[in-house]
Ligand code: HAM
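The chain below stands alone and is given as structure tokens, in the form predicted alone.
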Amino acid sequence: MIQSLRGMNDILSNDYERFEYFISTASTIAKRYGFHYIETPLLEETALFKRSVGESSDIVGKEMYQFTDKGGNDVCLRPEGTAGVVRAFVQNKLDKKGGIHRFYYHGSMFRYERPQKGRLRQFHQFGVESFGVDSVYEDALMIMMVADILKALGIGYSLKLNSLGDQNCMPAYREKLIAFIDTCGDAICEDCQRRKSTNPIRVLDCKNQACQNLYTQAPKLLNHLCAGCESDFETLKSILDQHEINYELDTNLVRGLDYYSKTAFEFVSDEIGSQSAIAGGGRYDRLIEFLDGKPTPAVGFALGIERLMELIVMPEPVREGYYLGAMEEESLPLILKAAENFRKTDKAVVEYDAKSLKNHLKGADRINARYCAVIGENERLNNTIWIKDLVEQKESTISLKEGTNE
């Protein structure tokens, strides 16, 4: 028997209801904030992620599904969503048009890593990207949007916050951090040794506990911000305070990708084990320039849908639509015609087997239909259909020809 690949799961049974509910809820909230949908390809040039995510990241270095296609192109399945949206932004010359552009997206991402609860090789993200707003108020908007989505889904969270500085203050801090790392010698892990020369700030994100114990003494970027970054960060905290969004400062929060600067944030849950991050994002003002676009301020976030699935509080199921059935084979053509009419305004599901009224009512219960509509011999002869409202517990007979109650 052929089975799905490891870490690539089907979405079936109750999961699809949760999945659809998440997409619907998050999309509705994104639209309310003034964002519109964008779709980008699953397959991109590998160079896109090497230049954006960064070759020092584990994503590019270890986890991408990368191959050469039949045309000799070096391609990969997208491991994250932001780079593709930025590529589309630049390719369609939106950077040249100026103005503000706000997008949301959702879809599959792919990373070759060890599958575990909440982390798969094919997983789904919901993301939001904003281009053209050089204001920390847009950063706050992103955080408020995530908070609104999680609140609507009934998911509790903690918010971690940090500033990564910019080109004015990061270089000097980087040198101080490298000097500190050098004092650790061989006590740090192999990954941190590599990151020291490629992107030293990433060592702060190391998951090795021995390394983390050493880094408690590392210089803190929040203590080395330039005046502009410090002012923005204080403003951000003030906005969140005004909107009663609680947060904690995390000086080791650096995000997993190389293109972030200034604001970095992460929403975490203690209900999903060690993989506690459920959403994260921040500002990446230089990424558009890295991908040959006109320098454009940008900020965004992404939520991992699989990590949220078990946490979603589903609304009480509501009966909806019609269940239609025939009590005799001769009535089936009329049932199909009736269903066609009902579908113009509502959901309608047809049972093809002739059954008793009692069994049709059970069938309506199984699919949680509000109405059970049945045609038997009398209804067929009179060109009518019997309907029972299973919520109001009211019965009526409708003329199929005229569509009126009799």
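Residue positions are given as counts along the sequence shown, with the first one as 1. Please read all numbers here as calculations on a predicted model, not as lab measurements.
Quick note: we don't show the form predicted in complex with the ligand, though the next part is all about it.
The partner is absent here, but in the predicted bound form a heavy atom of 303, alone among 192, 161, 149, 303, sits within 4.5 Å of the ligand. The listed set 89, 323, 215, 105 contains one residue whose heavy atoms approach the ligand in the predicted bound form to within 4.5 Å, identified as 105. Figure note: of the listed segments 288 to 296, 181 to 189, 95 to 103, 117 to 125, the one touching the ligand in the predicted bound form, with heavy atoms no more than 4.5 Å away, is 117 to 125. Interface membership of residue 229, defined by any non-hydrogen atom within 4.5 Å of the ligand in the predicted bound form, is ruled out. Although the partner is absent from this view, residue 264 stays clear of the ligand in the predicted bound form, with no non-hydrogen atom inside 4.5 angstroms.
Mapping the unseen interface onto this chain, residue 202 falls outside it, with no heavy atom inside 4.5 Å of the ligand in the predicted bound form. Taking the partner from the other structure, the ligand in the predicted bound form has no heavy atom within 4.5 Å of any heavy atom of residue 138. Residues 80, 81 are the ones in 63 to 81 with at least one heavy atom within 4.5 Å of the ligand in the predicted bound form, listed in sequence order.
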